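Only one chain is included here, represented as structure tokens and corresponding to the form predicted alone.
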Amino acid sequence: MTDKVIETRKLVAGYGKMVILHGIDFYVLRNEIVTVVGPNGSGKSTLLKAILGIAKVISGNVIYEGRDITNERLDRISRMGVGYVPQTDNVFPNLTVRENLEMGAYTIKDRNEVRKRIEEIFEIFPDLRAREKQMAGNLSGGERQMLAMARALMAKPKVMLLDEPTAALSPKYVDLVLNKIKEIRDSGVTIVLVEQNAKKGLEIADRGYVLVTGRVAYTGPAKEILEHPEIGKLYLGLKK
């Protein structure tokens, strides 16, 4: 089996007649964290949505574990082992924390297995255990983000696609969420991270991609991107 869990080849994608991505070659290896950064409007979120079949692939291919899944339905991709945490509307606000987790386990028919999985999730996210009977809408932004990741983990994905998980969070929760992402990777889940906080997102990554106007402007080891003065200054807002 290929070490490339997800790969796109010359991916052209967008919405309706609007083309956002122009020939993207991208891949993530098993058990990597790959962070995708770039200016607003560069196509970062569209890349995730094209992989998931939410954005329309006009040409090119999306490959998952050696299988072509181009424009496959999201529910089928999810059942293959791909978890997705969107930037917004990623929890059910009128359900409790526990009910949200149960919703994440909709493919698991054995209720004992669901309860066991919830206990495992609470080991990873102990703050959620104390709030399991609270409505998700009453959680802080950081707590909701952790719940969204926890709900995605309930289905035991092989890979998780995370879209701007630290957006609008306090510095405390930015660090907490990113540390949890590293912990999830260390448990054996491959991570694709789209992140507006380029510096912090790259600091936890193995490799990175810089997207600009729907094209790959640069790719390489995350440390190399962070230390590249021109890339940092031009595209990432990093001061050297």
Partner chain sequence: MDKVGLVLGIIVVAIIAVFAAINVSYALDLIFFIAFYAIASLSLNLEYGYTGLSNFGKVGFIAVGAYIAGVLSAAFNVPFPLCVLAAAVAAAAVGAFVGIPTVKLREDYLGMATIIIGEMIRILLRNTPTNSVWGGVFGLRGIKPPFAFIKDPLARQFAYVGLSVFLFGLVYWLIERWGNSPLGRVLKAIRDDELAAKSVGKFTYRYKLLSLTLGSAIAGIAGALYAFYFLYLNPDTFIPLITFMIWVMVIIGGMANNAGVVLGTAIVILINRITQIAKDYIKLPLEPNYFQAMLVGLLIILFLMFRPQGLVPEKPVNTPSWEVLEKAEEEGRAKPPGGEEQ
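Numbering follows the first chain given and starts at 1. Computed from a predicted model, the values in this text were never measured in an experiment.
The same protein also exists as the form predicted together with its partner chain; that form is not shown, yet it is the one meant from here on.
In the predicted complex, residue 216 stays away from its partner chain, with no heavy atom inside 4.5 Å. Within this chain, residue 56 lines the site of its partner chain in the predicted complex, having a heavy atom no more than 4.5 Å away.
Remark: residue 22 counts among the residues lining its partner chain in the predicted complex, judged by a heavy atom distance of 4.5 Å or less. In the predicted complex, no heavy atom of residue 226 sits within 4.5 Å of its partner chain. Residues with any non-hydrogen atom within 4.5 angstroms of its partner chain in the predicted complex fall in just one of 171-179, 200-208, 56-64, 27-35: 56-64.
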